[in-house]
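As a starting point, one isolated chain is supplied in structure tokens, in the form predicted on its own.
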């Protein structure tokens, strides 16, 4: 498994292949729905150096204010596919090379990552509590009073953060799309081996129908 120093270079991103396991070390910023909407629709975004901090972590963290500063209680990645409407525009606007989240993203974001030379990294079986311990410092927070702790943008310093796997590479390939295609190709043979008829269909159960009562 490779540990990648952030900000990720274009050459490093293009060398990664679907399914590669990686950790990352360096600086990243967080965001959820409000980051995407405000950045694209309202032209409001944190005044970061997006060339130096170009790893975007899709998360609504649980944060605690302590006498020694802000502490991360938990940082479970959130499902990235719900940001697909704005994902490509955000990638292009900030020239992002690294997205980190959960599940996958769509074709528009994959195309944008291909253009800028970036990748999307998806979580495996990790809890937000485990990832918390790999955050070495909370550097900054933006829009805290306006948006609250969950939707605010946090800047984290991380060390061997992960592992994650490459779910969309810098060439536009999507791990989950390829997996779905593989399943579709294999399914007829599996059904045949199990003796499932070719015209088999799952029962359409309508829980609201009085006929089922």
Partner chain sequence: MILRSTLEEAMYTAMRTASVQMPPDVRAALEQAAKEETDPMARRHLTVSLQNADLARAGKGLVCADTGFPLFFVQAGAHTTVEGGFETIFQAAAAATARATEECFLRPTMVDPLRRSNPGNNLGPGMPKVELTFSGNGDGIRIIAAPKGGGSEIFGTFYNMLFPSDGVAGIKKFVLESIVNSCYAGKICPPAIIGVGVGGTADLCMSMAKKAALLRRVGVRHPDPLVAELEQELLDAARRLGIGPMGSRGINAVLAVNIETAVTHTAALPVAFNAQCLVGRRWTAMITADQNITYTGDVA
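For the two forms, the rigid core is made up of the largest set of C-alpha atoms that agree within 1.5 Å on superposition. Model, not experiment: these values are computed from the prediction. Numbering follows the first chain given and starts at 1.
The same protein also has a form predicted together with the partner chain, omitted here; what follows describes it.
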Taking 4.5 angstroms as the cut-off for heavy atoms, does residue 26 touch the partner chain in the predicted complex?
no
For residue 76, is any heavy atom within 4.5 Å of the partner chain in the predicted complex, or not?
yes
Applying a 4.5 Å heavy atom distance criterion, does residue 196 contact the partner chain in the predicted complex?
yes
Is residue 21 close enough to the partner chain in the predicted complex to count, meaning some heavy atom within 4.5 Å?
yes
Report the stretch among 92-100, 109-117, 68-76, 134-142 that approaches the partner chain in the predicted complex to within 4.5 Å, counting heavy atoms only.
68-76
Taking the partner chain in the predicted complex and a 4.5 Å non-hydrogen atom cutoff, the residues of 53-71 making contact are 60, 61, 62, 63, 64
Spell out whether the Cα of residue 47 moves at least 2 Å between the shown form and the other one when the two forms are superposed on their rigid core.
no
For residue 21, state whether the C-alpha moves by 2 Å or more between the shown form and the other one after rigid core superposition.
no
Kindly check if the Cα atom of residue 69 is displaced 2 angstroms or more between the shown form and the other one relative to the superposed rigid core.
no
